[in-house]
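Just one chain follows, in the form predicted alone, and it is written as structure tokens.
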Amino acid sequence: MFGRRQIREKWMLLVPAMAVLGVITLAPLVNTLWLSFTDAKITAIATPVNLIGLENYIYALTDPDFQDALWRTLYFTGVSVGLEVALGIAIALLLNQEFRGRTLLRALIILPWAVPTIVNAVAWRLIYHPEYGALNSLLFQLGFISSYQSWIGSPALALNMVILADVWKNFPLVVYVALAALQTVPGDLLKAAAIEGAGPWKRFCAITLPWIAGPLLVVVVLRTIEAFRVFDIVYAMTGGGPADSTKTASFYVYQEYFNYLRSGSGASYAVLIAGISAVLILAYYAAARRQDQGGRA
């Protein structure tokens, strides 16, 4: 009798949270799925909505512009997350050393991550400005360029410039996770390897990196999900241009839904992006599981 009472109390506590979760998560998801199978449009006057089956999905999967946006998003995700991890580990290793002012640097390194994304995007737009931007001034004074460049006005450069701004904002997250993981690396093991003749690079590859791989995998998963659905920094810096060179998949969905007012096809694009994100997450979790099983073996 006491067990049933405990179970009933648990459900009474869980039901409000589950109801809120259902309203704010499941209801929009179900509505988006339903819209993706219709020809719904956003109009001022109510119009009938017809079920059209898989027509939106077939159109989306054969749409060359959407395919280009997906490849662009994968490029953005791979390059930005890769640079953030490499830069974050390097700076974490530096901050893990004993030197004067280390505590102050550890505190300052979090500042880029604390800046709102829109503020970061506007700041980098000013840095990239073709007439009075700081980047042009610096490179011109150092002699690396002979004339000022339009960094985000060139289709060949714009996406890489957005990636640079995104890396600057998000690498501190990797730094802090890696730095926390480095505190758990056994110092005796590193000293023993050094006595055996292992150099710094070999000690890093053989001991340090495998030791911090687990925490790093978590932050890689989080950053991959965020990078794959990138929208705000692109919207604020380039608006998807020039010549669609920075139009990512999420930006494509935004245009389909709110510019062209095609909510049915926009929903199908959104479902496809969510499906690809789910595949990426499952791949990372599979990798983490293999690593965990390898560590236990």
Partner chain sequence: MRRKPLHSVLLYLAALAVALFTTAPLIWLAHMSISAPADLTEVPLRWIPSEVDFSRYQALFDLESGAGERFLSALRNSVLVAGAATALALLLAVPAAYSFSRRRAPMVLLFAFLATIMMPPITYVLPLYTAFSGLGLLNSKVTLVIVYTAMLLPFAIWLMKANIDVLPVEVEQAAFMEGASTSFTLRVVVLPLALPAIAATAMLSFLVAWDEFFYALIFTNDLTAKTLPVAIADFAAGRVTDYGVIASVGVMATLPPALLAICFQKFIVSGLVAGSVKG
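Residue numbers count along the first chain shown, from 1. Rigid core: the largest C-alpha set superposing within 1.5 Å between the two forms. Worth saying up front: this structure is predicted, and the values here are computed from it rather than measured.
A second form of this protein, the form predicted in complex with the partner chain, is not displayed here; the remarks below concern that form.
*Asks:* Quick one: which of 49 to 57, 26 to 34, 238 to 246, 63 to 71 gets within 4.5 Å of the partner chain in the model of the complex, going by heavy atoms?
*Replies:* It is 26 to 34 that comes within 4.5 Å of the partner.
*Asks:* Could you confirm whether Thr117 comes within 4.5 Å of the partner chain in the model of the complex, counting heavy atoms only?
*Replies:* It does: once the partner chain is placed as it appears in the model of the complex, Thr117 has a heavy atom within 4.5 Å of it.
*Asks:* I'd like to check something about Asp232: if you look in the model of the complex, is any of its heavy atoms closer than or equal to 4.5 Å to a heavy atom of the partner chain?
*Replies:* Looking in the model of the complex, residue contacts with the partner chain include Asp232, since a heavy atom lies within 4.5 Å.
*Asks:* With a 4.5 Å heavy atom cut-off, would you call Gln97 a contact of the partner chain in the model of the complex?
*Replies:* Gln97 belongs to the contact set for the partner chain.
*Asks:* In the model of the complex, is there a heavy atom of the partner chain that lies within 4.5 Å of any heavy atom of Pro215, even though the partner is absent here?
*Replies:* Pro215: yes, in contact with the partner chain in the model of the complex.
*Asks:* I need to confirm a contact call. Of Leu138, Leu209, Ala86, Ala198, which residue comes within 4.5 Å of the partner chain in the model of the complex, counting heavy atoms only?
*Replies:* If I apply the 4.5 Å criterion carefully, the residue I get is Leu138.
*Asks:* Does anything in 255 to 273 come within 4.5 Å of the partner chain in the model of the complex by heavy atoms, and if so which residues, in order?
*Replies:* Tyr257, Phe258, Ser263, Ala270, Ile273 sit within 4.5 Å of the partner.
*Asks:* Does Gly275 shift between this form and the one not shown by 2 angstroms or more at the C-alpha, the core having been superposed?
*Replies:* Stays below the 2 Å threshold, so no.
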